[in-house]
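Take a look at this single chain in structure tokens; it is the form predicted on its own.
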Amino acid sequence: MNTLLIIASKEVREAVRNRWVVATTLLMAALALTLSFLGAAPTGTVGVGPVEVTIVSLSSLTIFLLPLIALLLSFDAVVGEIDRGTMTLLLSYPVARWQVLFGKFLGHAAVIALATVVGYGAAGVALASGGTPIAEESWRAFASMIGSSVLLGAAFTALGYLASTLVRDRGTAAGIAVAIWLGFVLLYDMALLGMLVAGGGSGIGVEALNWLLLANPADAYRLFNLTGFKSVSAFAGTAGLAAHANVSVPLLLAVLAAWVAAPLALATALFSRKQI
């Protein structure tokens, strides 16, 4: 455990020196504060709480932004160190390869988690200071959104590590990372929508649709935040989806956790056999 923490703290210090932590936190905070202030504007006319508006807005933003940040931070975590020769030096110490990979992952995941919690937490502070009464369930939904955002960031960080262990060139790893982002965030849902439209809404059964949504971490995250709480799902227009999805909140969290564990386990297996 001490070895993992030492390697993780090294990654965090490097991220601080490269201003990754500061830049990512400021970006997340700026966007979250902007959406919270703008999202609170219509609540007086439609009767929707400002927290629900912010959750819907931030969930949509997170799906596009957080995976990209995680992949940019992690795509060269292994292959970059090999290119620079620092991986050989690190492995010359009495440390197992899995410890190196897990330690580096913990450091990068901590950077993403810190930026998410502080950035989105700033929006929560702004909402609490607005003077509008906010229900306890709304705060639970907001806290769940932050926690699931951390899980989503960790999932795409793990996918970035998998890309970094698959190849021996940073450029190729970057290309794979971009392909992962495009595939999961943009193309997957477009293809799924095309299948639904082509079948007239009846080409895919409910059960098959559930499994197809769970096969994408971004969709699992979207389902968790937009259907997990009644007040949010009603405002987001997903109350009908929540009624037909038949996917429980614990299952969605388990799927997100599996999207962290599975790519990281595969990356560890590949790294243990990689010639350096």
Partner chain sequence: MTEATIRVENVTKRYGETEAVRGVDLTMAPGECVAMVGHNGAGKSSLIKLMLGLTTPTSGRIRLLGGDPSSAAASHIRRQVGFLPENVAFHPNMTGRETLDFYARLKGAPRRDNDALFERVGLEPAAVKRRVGTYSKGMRQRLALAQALLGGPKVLFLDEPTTGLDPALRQSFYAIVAALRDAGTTVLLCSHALTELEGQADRVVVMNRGRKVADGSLATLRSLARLPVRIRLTLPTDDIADLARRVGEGAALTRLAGGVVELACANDDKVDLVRRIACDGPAVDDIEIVQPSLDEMYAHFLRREAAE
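These numbers come from a predicted model, not from an experiment. Positions refer to the first chain, counted from 1.
Just so you know, the form predicted in complex with the partner chain exists too; it's not on screen, but the next bit is about it.
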property: is_contact(Ala269, the partner chain) in the predicted bound form, heavy atom dist at most 4.5 Å; result: no
property: 4.5 Å heavy atom contact, Val125 to the partner chain in the predicted bound form; result: no
property: Contact test in the predicted bound form: Leu91 vs the partner chain, heavy atoms, 4.5 Å; result: yes
property: Partner contact for Arg140 in the predicted bound form: the partner chain, 4.5 angstroms, heavy atom; result: no
property: Stretch from 154-162, 116-124, 171-179, 82-90 whose residues place a heavy atom within 4.5 Å of the partner chain in the predicted bound form; result: 82-90
property: Heavy atom contacts to the partner chain in the predicted bound form at 4.5 Å, residues of 9-36 in sequence order; result: Lys10, Arg13, Glu14, Arg17, Asn18
